[in-house]
Structure formats: structure tokens, C-alpha cells
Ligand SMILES: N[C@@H](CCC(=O)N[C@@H](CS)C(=O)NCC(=O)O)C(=O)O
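Presented as C-alpha cells, the chain that follows is alone, the form predicted on its own.
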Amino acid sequence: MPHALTLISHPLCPYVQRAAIALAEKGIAFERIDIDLADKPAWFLQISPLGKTPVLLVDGQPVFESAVVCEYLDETFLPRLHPEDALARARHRGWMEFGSAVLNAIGALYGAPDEAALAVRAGDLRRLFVQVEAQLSDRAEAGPYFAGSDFTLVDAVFGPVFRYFDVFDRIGDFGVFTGLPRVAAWRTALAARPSVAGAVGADYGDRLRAFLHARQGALAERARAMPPPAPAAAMPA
């Protein structure tokens, strides 16, 4: 009997996007409910011990933390998005964690208090992507995705990572991907993947710019120099 699945979401949360991408790749029907993380409803706090999105309700039972949600989906529904080989699967899990470190570095970028700190944070991000470029160069199979021709959970993790730069690139040239052709090609391939494109609403760019407008710091100052976006949205906690 099919499970009833509900994804508790926030429109900007990159961790929610991972789960939404995995669900779409598997062709699973689900309901998506957005909440305001700046004003978390009591029912949400009862199902999310850490107060974070995503939470996947499976027949009303909560599964929380994005990596756990993705692993549950991959163990339960076809097609598999992890490699069959145990060592390859472990390596992919490591790169998923690396993707979380990149998200932390992105958070540091938009939290940089001044232009000097912004340049340092952009350099930190570039160094991470240099490592990704080397990994893409060493892969055994050619293809548009992390592992070659097969779309995997690592791709589901990095699709939301690259999406930030669709907005950042309009604010300034931070040189993060300069001279990294394989990373740039991967970014392009993921942006074209229907599951990745559909993991956010059409207003995602405006929401992210509104979030940046409402912040303090160098990136916010640059964002405010652009035409104003839609009303501000709270960022996931």
C-alpha cells in the first residue's frame, strides 16, 4: 500500500530542496507544506526536535534531517540514487557532507560584514570548488553529473548549492567558478534537470534577494543597490 508523504518545507531552504529533488526523481506523489521559520507553529516543533526543515511525514510519522530523509527515500523507493557498490556509496555520502560544508560557506558569504570579509569568504568558497573540480576530473565515467551519466543524491545536494549563484551572479562577480570548467558544466547540467528546477517556486530568486535585502553586511549592501525585490522572506534556521 502506498505511503502518504508530506514534506514540511520552507521556500528558501536548500535542505528541503534535496528531499524535493529525490522525491521528484523517484516520481513519488507528495504534499508540500511551507511554514514560516521565523514564526514556527507549535505543531511543527512537536515533529521537528531541532526546529528545522525538512521534515517528511510518512503516514503521519516524522522523519527529520535532510540526509536521513534522502536515505529513507532511497532505501524505500526506486530508482536508487546511491551507487550499488558499498565503497562508492560511502564516498558519495562523504560528498553529500561536503555539500553541506559548501552551504555553510555560502552562509558565511552572505554574513560577511564588509567587502574585505566578503572577498575572504568568496575565496573560501572557491577553494572548496577547486576540490570539487579535481573530483570531477578524476571520475571514472564521463557525463554531465557527479558520477557521470547517472543522477545521484550528490547531484540532489549540489543543485540547491548552485542555485544560490543564480542570484549572487547578478549582484557581483565573485570569481568562485573562474577556471573551473567541469564545475561550471555540472552547474549547467543540474540547472536543466527538471527535478532540480522544480524544487523551488518561480519566485525563489525574488525571495532570496528579499532575504538578502533584509540582512546586514557587504552582500546585503550590494543587493540593496539593485532594484527592490518582493517582500522579505525569513531564511531557514
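Sequential numbering from 1, following the sequence displayed. Not measured: the values here are computed from a predicted model.
This next part talks about the form predicted together with this ligand, which is not shown.
Q: Is the gap between A189 and this ligand in the predicted bound form 4.5 Å or less for some heavy atom pair?
A: Contact with this ligand, no.
Q: Residue-level contact is defined here as any heavy atom of the residue lying within 4.5 Å of this ligand in the predicted bound form; does C13 satisfy this criterion?
A: Yes, C13 lies within 4.5 Å of this ligand in the predicted bound form.
Q: E65 near this ligand in the predicted bound form, any heavy atom under 4.5 Å?
A: Judged by the heavy-atom cut-off of 4.5 Å, E65 is in contact with this ligand in the predicted bound form.
Q: So in the predicted bound form, is this ligand close enough to L180 to count as touching (4.5 Å, heavy atoms)?
A: It does not: once this ligand is placed as it appears in the predicted bound form, L180 has no heavy atom within 4.5 Å of it.
Q: Sort through G172, G51, G175, G201 and report the residue having a heavy atom within 4.5 Å of this ligand in the predicted bound form.
A: It is G51.
Q: At 4.5 Å between heavy atoms, only one of the stretches 22-30, 180-188, 35-43, 201-209 reaches this ligand in the predicted bound form; which one is it?
A: Selected stretch: 35-43.
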